[in-house]
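Only one chain is included here, represented as structure tokens and corresponding to the form predicted on its own.
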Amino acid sequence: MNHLIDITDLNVEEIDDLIKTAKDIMKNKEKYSEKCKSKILATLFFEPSTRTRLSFESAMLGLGGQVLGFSSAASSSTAKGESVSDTIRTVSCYSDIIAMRHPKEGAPMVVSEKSRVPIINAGDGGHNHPTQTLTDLLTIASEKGKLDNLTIGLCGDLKFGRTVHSLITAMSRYKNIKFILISPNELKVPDYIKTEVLDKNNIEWCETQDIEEYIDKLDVLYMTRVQRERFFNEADYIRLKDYYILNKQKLENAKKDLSILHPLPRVNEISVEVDSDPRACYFKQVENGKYIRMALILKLLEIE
């Protein structure tokens, strides 16, 4: 039995196969509409999430399966003091596969050893969010037609953003990838990502505080939120907060086929005027999340 706890649980061939399946589902929804008939997905969300939980539920319903679960720890027996391991052991008696989000890093890994059914990590603290990374990879592959020979700009909170760390890790396994890391000094990519992922894989990268300095070189721009609470100094936050708002002016020198991604939710880091730009892919990204999760559910349930 396989689980998905970390994006590195999948090799490049498996990721490519999931993307191929997801693209086929997009084109042939009817063909897959009863693949999970009589199967049950449990969504155990120990911290609130709208987008990810509904995406999983929509994915299972799209495969003809059923869904049960809860959307916060307060509505589960953990509020009575039950351990998460006991909750998983219980729920795995009622379901065929479990998608779990938990505020503690490593929680899905721990409970995967207790579960009778496959566990999908739907986010554990600031650690991992592998299905968001699969969503990002499907979006890039769909927009660019490839996952190699790309220059990718990552902009905003690169220090605490789990989606950024997972995407760097995943994309570093493809050929001729370059990263432009755009952030304030306070929110740079952690050193361990630079040494253990980028340098170890001989990936070309550079850092800048200026989003416009390299905008004309980018094939993909992945935006994230600069968060006030990450700054020690209010003056620094005020100085930098508008610097990372993507608007039409900043896109003037960008490539005509640039793909703009964002894991959402957005606050103000992408101006709404960009939404009508054909290069904006973040709402396509949301839809892609459903199809890649459908492909993943089929893979983990070993359904052809």
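Start at 1 and count along the sequence shown; that's the residue number. Everything quoted here is computed from the prediction, not taken from an experiment.
Only in words, not in the display: the form predicted in complex with a small molecule, which the text now covers.
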**Request:** Look up in the predicted complex whether Q132 has a non-hydrogen atom within 4.5 angstroms of the small molecule, and give yes or no.
**Result:** yes
**Prompt:** Is there a non-hydrogen atom of I245 within 4.5 angstroms of a non-hydrogen atom of the small molecule in the predicted complex?
**Reply:** no
**Request:** Please run the contact check for S112 against the small molecule in the predicted complex: heavy atoms, 4.5 angstroms, yes or no?
**Result:** no
**Prompt:** With the partner left out of view, is T163 within 4.5 angstroms of the small molecule in the predicted complex by any non-hydrogen atom?
**Reply:** yes
**Prompt:** Taking the partner as it appears in the predicted complex, which of 197-205, 155-163, 103-111, 87-95 has residues with heavy atoms within 4.5 Å of the small molecule?
**Reply:** 155-163
**Item:** Of K241, R51, K255, K250, the one that lies within 4.5 Å of the small molecule in the predicted complex (heavy atoms)
**Value:** R51
**Message:** Can you work out which of M26, L68, L61, L264 has a heavy atom no more than 4.5 Å from the small molecule in the predicted complex?
**Reply:** L264
